[in-house]
Structures are given as C-alpha cells and as structure tokens.
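Given as structure tokens, the chain that follows is alone and in the form predicted on its own.
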Amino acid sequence: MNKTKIELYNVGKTKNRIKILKDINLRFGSGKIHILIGPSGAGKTTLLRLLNRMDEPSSGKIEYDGKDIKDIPVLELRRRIGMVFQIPVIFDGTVKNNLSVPYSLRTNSNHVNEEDLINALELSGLRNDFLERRASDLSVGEKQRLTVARALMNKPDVLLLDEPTSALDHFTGIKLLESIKKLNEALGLTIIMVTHQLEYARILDGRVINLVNGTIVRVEEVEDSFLDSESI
C-alpha cells in the first residue's frame, strides 16, 4: 500500500462567511502526482495554500507524515513542502542570487554549494550557464523554471504547483510539465498541481481530484477520467 504523505480530515475553510471548502477528506500518496481540477472558485488554490500553511483551515486537521502540520514550525514545513505560484516571483540579481535565497534557510549558512545550484537548474530544465544571468532578463518560461529550481534548493518532499503554466504559451507550458514529470520520476517528489487544462493533467498522469463548490465530487486516475472536455 502506498504511503500517505499528506492527509486532510474534515477540512473546511470559510472567508467572509462564505464556505470555500467543505469537509474535505483526502489523502495524497507519497511520490505520486495529484492534479486538482474544477471550475474557477471551486477552492483549488485555497486547498493548495492550506497544505504548507500559507493559509489556515477554519475546521478539521491536516497531517504531514502522520503529524499535525500545526506542530511543525512553519519554515521547516515550507522547506519540506515547496510551492510554485501562478505568476513567477523573481528577486533582484542573478539566477544564482535567486537560488541562494532558500539555500541559507535550509543550511543556516551563507555558503552556497555550487553542485546544488547546478543540479537544481538541470532538474528544472535550465543549463548551468544560466547562473550568472540576470533573473529579470529571462523569458517568462525561464522564470517559471527558475522558481521550480528555487523550490528544489530546499530539497522538499512535496511540490505544490498553482497553475504554473497559466502565464506561458502552449509549447512552453508543455515543456515545463514534462520537466515536472521528470522531477517526480527522478526524485520521487510528491506533486500536487492545480490546473484548468485536462490536457496538462494527461501529460502528468496520476490522480485527478475534481472540486466543485468547495467539495470533492470525484477522485480517479487520469486514464479513467470521466471528463472528456479539454478544460474546466
């Protein structure tokens, strides 16, 4: 039986008296790919943000490796559960400067391991000669790959992806997803991604979790997906 990496027990989220998530019971298997789909406003991004405490549930409990995430220091939790946002967040300076931001949090040292930098770039589909480039000069697709590489610097167990292809053209988006799938295969990363595109879910393969109005309406493998449209 596959080990559970993250589990939600009766999780709910209410904002401004509006129920965004309702009694979510869900398991994310270790080393697996999980795709959250559903219409806008279904609660997909909210659910994702709860998993590394960028937001807090109004009710219920979330466990990581069998431990309540509230009992794990936030910085430690976010080292284990990395997140890539819809729009790439880039800091001033070079690619190397950007990659060094989480490194100091993980190692408590200002010394950057060059091998770690190069490995993170290559795993994200960027060449090592990108290190000295100014991050602001990169294309949008390269910036998104940089944010993936930066998340990998913490050597996480889980990678959360909030519609990472939304700012990319179709071809670049497909290439990024292929890199993400390789990360799952090479590192055994647990991948949890929000998307509106079923085509992207099929590329990644794995388990599809369909949310509607804050409720899980169906969970199944991609090849068994009951959805036949190309987007949600």
Partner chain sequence: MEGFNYNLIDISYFDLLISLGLIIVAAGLSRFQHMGIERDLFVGAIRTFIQLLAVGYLLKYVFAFDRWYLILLIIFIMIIVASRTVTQRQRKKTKELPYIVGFAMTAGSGITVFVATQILLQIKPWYEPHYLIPLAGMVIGNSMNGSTLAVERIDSEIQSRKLEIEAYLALGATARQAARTCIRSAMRAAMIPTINSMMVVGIVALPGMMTGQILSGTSPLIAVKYQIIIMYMIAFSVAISSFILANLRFNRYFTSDHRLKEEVL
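Numbering follows the first chain given and starts at 1. Please read these numbers as outputs of a predicted model, since none were measured by experiment.
Not pictured, yet referred to below: the form predicted together with its partner chain.
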Check each of Lys181, His34, Arg49, Arg27 and return the one that places a heavy atom within 4.5 angstroms of its partner chain in the model of the complex. Arg49
Applying a 4.5 Å heavy atom distance criterion, does Val140 contact its partner chain in the model of the complex? no
Examine Met54 and determine whether its closest non-hydrogen atom to its partner chain in the model of the complex is within 4.5 angstroms. yes
Test of understanding: in the model of the complex, would Gly125 fall inside 4.5 Å of its partner chain by heavy atoms? no
Since only the chain is shown here, I'm wondering whether Ala151 would be in contact with its partner chain in the model of the complex (any heavy atom pair within 4.5 Å). yes
Residues of 6-31 having any heavy atom within 4.5 Å of its partner chain in the model of the complex, listed in sequence order: Lys13, Lys15
